[in-house]
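Listed next as structure tokens is one chain, alone, in the form predicted on its own.
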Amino acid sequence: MISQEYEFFAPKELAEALAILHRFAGKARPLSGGMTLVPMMTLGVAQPEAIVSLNHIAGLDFIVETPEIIRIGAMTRHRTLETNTLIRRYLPLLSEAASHIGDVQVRHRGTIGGSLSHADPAADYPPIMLVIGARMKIANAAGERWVAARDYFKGLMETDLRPGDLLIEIEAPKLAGRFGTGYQRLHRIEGNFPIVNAAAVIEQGFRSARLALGGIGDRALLVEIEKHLRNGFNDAALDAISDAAYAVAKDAPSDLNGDTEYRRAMARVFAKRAVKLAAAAIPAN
């Protein structure tokens, strides 16, 4: 039960929403799908003075193709990302990750912008954002700015979003033709948050390679793997990559799903699996 009173706004224009967020100076919360905010308010973890619904604002729910990038509106639902042909073709990691979020009801209601704004370190999207080289477009009453994913995630449910800010768009380069991708997650029950997840992107000829892990600290982290692939893709390279994943996971949390050492061991396993999938998916030509 939500016990604290709050003001509710349902603006129809982005500028109006940003003005309300600015007026409340960090004491208002935007509402998109509500899959995270409403439970937090019910538990008393979040107690905003105002709620600003984004559901009546046109122009925040879109997927647009340009010659080199895919643009995604922050109000795009998980289910849309799971099924959209552009996402499945050019950003298959994102489609795969979306398919694992919650259940079908959650995927039809929850949004990518809401998830990335909440920035749970165990969520599916953060490692994906890192390896696909995504950028976040953030707006406030004073203007807009772009932030690279590597700079966006700051800590435990902490992002580059400041009081009055709103994430309105995500963009990423197309990953088609020259790249193989792989996504792996460890979970107890289908629809649960992953205990550990790993995303990998590898370019033809191993000219570039990126790996990111989630669930192993206060935020998703990149793992340096390119240097381990310079002498070819073999068992020695995979062992070195799994060792690197284990090292990056040194601050993995200990909880009911497993202690720190268990998560570090799973980081080894799932990093290797994601990289092997990505390597196998590299186009032949």
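Residue numbers here begin at 1 and follow the sequence given. It should be emphasised that the depicted structure is a prediction, and the values quoted were computed from it without experimental measurement.
The protein also exists as the form predicted in complex with a small molecule; that form is not presented, and the subsequent description refers to it.
Although the small molecule is omitted here, in the model of the complex none of L91, T181 and P283 has a heavy atom within 4.5 Å of it. Taking the partner from the other structure, the small molecule in the model of the complex has a heavy atom within 4.5 Å of a heavy atom of L167. Residue contact check for N192: one or more of its heavy atoms lie within 4.5 Å of the small molecule in the model of the complex. By the criterion of a heavy atom within 4.5 Å, G133 is excluded from the residues contacting the small molecule in the model of the complex. Although the partner is absent here, R29 lies within 4.5 Å of the small molecule in the model of the complex, judged by heavy atoms. Only one listed stretch (229-237, 36-44, 61-69, 247-255) carries heavy atoms within 4.5 Å of the small molecule in the model of the complex, and that stretch is 36-44.
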